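Presented below, as structure tokens, is a lone chain in the form predicted on its own.
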């Protein structure tokens, strides 16, 4: 952390007139105090500028380079990112996914097994299909082995291996993508021959498409009398998945987990699809992989299922996994058998980590314990800094700027409507808005409330949710607050196309509505020396909060549109007052309350 040029500065940190701004080298993460020292300024000055930019941080809190650079520029400096410390050279890279091997010597690359995600509707036979393939009985439970459900299994057919991910569902599959981990090469979408395509089937297909991976369809339960595979194929055509026998390019295999019919054909077709992808990796380098799932084993400690992407992971290797580290004490395959090494495209359960990692965390082998500790400390600091500086997702408000900056080429939308009949007209209207600079793409559309799965798909695809007369499930609301993803609500179809079109052209003006929160009646007026008039009132409806806006009515006439400036219960300042209670408040600019005045308290909510 050094200052490259020493120019005369004013007390506020600004360079004296006529002098160039001094350049400072800022590391990718540092504390508020360290930034102040770097600029020879009080941390208070830094905190003030952070607050001006909407960031609340304490003196010892970590901030990232982007946030620090904004503050430095505001205070008269020219920021530059400092060279990364040597220890970070071994730090885990951002996950690139199994299918995206980095540039390496072509002669070192060797074929690796394909990694297959099994997706589909609940009860359509995903696990039973894997049971039949593995010739074991996971449904009724395995005895003994600690890894009876490690979330990943490997099978061998005709001398070639295939790694299957038995994900709980497409939401879990997409949750990993949302965290940056793209670990699958292709998806097997399981559809029951008797039920046909169900809402979750369509979701699974949309999630696989959004991931950009090939789809193989397995039509299960063909042994049932009510089975109708041809109907399923016709339904697939309605989703633009044309099977090979209808002149399309989608592999579709009828199978029965009960009788075993079609299983060999399914495996052969997976290998054919994988061959087209030319999957290769270097097994002779330090391993890098991704955590599929993890748990705390009561007897053995943290246990993580890891899929190795490149290199070979061995017992005894020192690894950094997300924000924890450890030395691999032991590794197990899906049968609970100890193994000594795991190569590219292969899964294993790993013991020896200090803490339980998260699904989607990157595993990287490093040289020694000391290096691992340093990397983890650095990663923890960066995670704290990232929590302060949240990178905003694309919204309709920021869309035009993102297009102009060349950051957005596709606007990915998840469309949720109240009824099925609304989907197609809205889809067609939105897709017609595509232009030379940006394509409007509906990656998933369905009727019903906005779910966690919808928000997760929006995060993973860097998109947003359009809700037409559709509410949000509680889990979706929580995820939206955490992630910053936009859900834009509409009740008129043409407002949707109008707003998206204006956003594409950079002309979108927000529309707000007033949401009434509470009402109160003024019953007594007090004259206070410092505060002026205080209204003593009774809350007749809802609640009143200190940051509410307020309409003051006298009879039928509204005489003030203002906001609450103070709120008291007896002699104490309070933040909120409930219905049926008495309180005193002041309103900004109001100096002539009268008994009998009515006050309506509201919040301004963005409608579109």
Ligand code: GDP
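What you see is a predicted model; the values in this text were computed from it and never measured. Positions refer to the first chain, counted from 1.
Here the subject shifts to the form predicted together with this ligand, a form of this protein not shown in this document.
In the predicted complex, this ligand sits beyond 4.5 Å of every heavy atom of residue 444. Among residues of the shown chain, residue 288 is not one whose heavy atoms approach this ligand to within 4.5 Å in the predicted complex. Proximity of residue 492 to this ligand in the predicted complex: non-hydrogen atoms within 4.5 Å are absent; the residue sits far from the partner. Contact annotation for residue 220: at least one heavy atom lies within 4.5 Å of this ligand in the predicted complex.
Partner contacts here mean any heavy atom within 4.5 Å of this ligand in the predicted complex, and among 339-347, 206-214, 276-284, 222-230 they occur only in 222-230. None of 488, 112, 519, 121 but one reaches within 4.5 angstroms of this ligand in the predicted complex through a heavy atom, and that residue is 121. Proximity to this ligand in the predicted complex, defined as a heavy atom within 4.5 Å, holds among 128, 429, 469, 234 only for 128.
For the stretch 251-268, the set of residues having any non-hydrogen atom within 4.5 angstroms of this ligand in the predicted complex comprises 256, 257, 258, in sequence order.
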